[in-house]
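Only one chain is included here, represented as structure tokens and corresponding to the form predicted on its own.
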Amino acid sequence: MEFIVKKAPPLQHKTACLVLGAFEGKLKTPLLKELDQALGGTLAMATKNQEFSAKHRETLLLHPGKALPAERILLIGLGKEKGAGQDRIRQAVGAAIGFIQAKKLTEATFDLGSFALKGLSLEALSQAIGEGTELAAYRFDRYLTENLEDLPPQLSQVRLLIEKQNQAKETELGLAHGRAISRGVMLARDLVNEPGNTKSPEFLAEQARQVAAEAGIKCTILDQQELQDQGFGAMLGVAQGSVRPPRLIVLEYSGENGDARPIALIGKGVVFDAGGISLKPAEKMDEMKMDMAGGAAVLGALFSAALLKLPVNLVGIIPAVENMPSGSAIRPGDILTSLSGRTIEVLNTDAEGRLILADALTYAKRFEPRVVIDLATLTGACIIALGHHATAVLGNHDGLIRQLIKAGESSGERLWQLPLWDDYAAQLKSEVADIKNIGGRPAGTITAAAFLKKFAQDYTWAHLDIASTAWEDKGRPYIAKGGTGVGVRLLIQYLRQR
């Protein structure tokens, strides 16, 4: 997709579809008055008949005929201006792109000025439009071979109209940032959507190698023998039920001077989770190809950070395994010795994500990180607690959690903090090992985090449970069905805030 920034009056611009933003209660701006006059009162009639009031994501398509150069004019509602932010713009643009693609158009033009918000810089506005466009146009169709003519064509060109030529540089910079972030999100979505029969731990490692080579990131892969030699007992315990051997993916991005301590990002990489001996129900088990969404987010975030040349040192750690039932799989009641030396009583083999993260958290210590953030589709309990509207955040440092929550509000990937009091750790006490891997049904998301906390005691640490947000069943503006790529934009916003 090509983006073009051009100085031009919107109503004098020739295009297949001109997109204008409109705020609820503000339908008499100079631009909209000029539009209404050109169309002989069509817009006024539509508002009078309550066909359009500019509610959030509401659309009105007009055909100007010979009255204006644009073949179509699409008004997209932005809702009330008060309280609107970057994500309001993203969602509106995403809705507009969905509408345009449904009409099988391949190019469109957005009037930047009609989307402007008080307090939102031109760069931030352009970034939001770029992200909304790219992410709304995304689809995972590489395995389709029939009826391809029924698919809407991909957008080939999007123009952004500016009022003054001196706005071009800032607009282009915002678009470039939006596109770099979107590339990381779409990478994560592709990896999550990839079917389990192709997505082995080695496949994930190879994708990491390719991304690292493109972005100038150092990539180290530990194979099964190296994991055994170093003592990754918890991770190997999960992996032993599968014929596909595990991999530990380690990525290092250097954006600061070499002495600066890095931020470590750790992502759960269970490429398929059948639950092991504690087998999952058959219904929706196909969606368990998404159990590596945390790892995908880490890879996508490092990719975007490198494209943006962020001035920060990052380490990405992705323990990649497959959790399957077999004659060699671990059993409920088995005891594993983790990389830290702690022993873990495995009471449920479907609580495997915390096991591989325990070893990854321990491994991170060698990088002396100043901050550690892990992301994981860790618990179904998180969906019960928060639905699909927010990611749970827990940790041992309130300042870090506040920073992440702020980043979530800006990026549209909202977080909600759950408590992590010491009381919850009591549910994980084992009579035969140092800790057990489940704490019963009460507070399942919290006790999972309490388990991880035991292995993150040396860090400023936060845990993001993305089980509720990593997968989309129905599709929303700029988020297609399937993998959402959640976490990439959140992490990039957090890093940029710093």
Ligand code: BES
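The model shown is predicted, which means the values in this text are computed figures rather than measured ones. The first residue of the shown sequence is 1; numbering continues from there.
Beyond the structure shown, there is the form predicted in complex with the named molecule, which is absent from this document and is the topic of what follows.
Partner contact region in the model of the complex: 378 to 386, out of 102 to 110, 167 to 175, 293 to 301, 378 to 386, criterion any non-hydrogen atom within 4.5 Å of the named molecule. Candidate site formed by K280, E352 and I438: every one of these residues places a non-hydrogen atom within 4.5 angstroms of the named molecule in the model of the complex. Within this chain, S156 is remote from the site of the named molecule in the model of the complex, having no heavy atom within 4.5 Å. The closest non-hydrogen atom of I401 lies beyond 4.5 Å of the named molecule in the model of the complex. The named molecule in the model of the complex comes within 4.5 Å of a heavy atom belonging to D273. By the criterion of a heavy atom within 4.5 Å, A116 is excluded from the residues contacting the named molecule in the model of the complex. Shown without its partner, this chain lists N348, T220, T198, S326 as candidates; in the model of the complex, only N348 has a non-hydrogen atom within 4.5 angstroms of the named molecule. This chain lacks the partner; the member of I162, A425, A84, M288 within 4.5 angstroms of the named molecule in the model of the complex by a non-hydrogen atom is M288.
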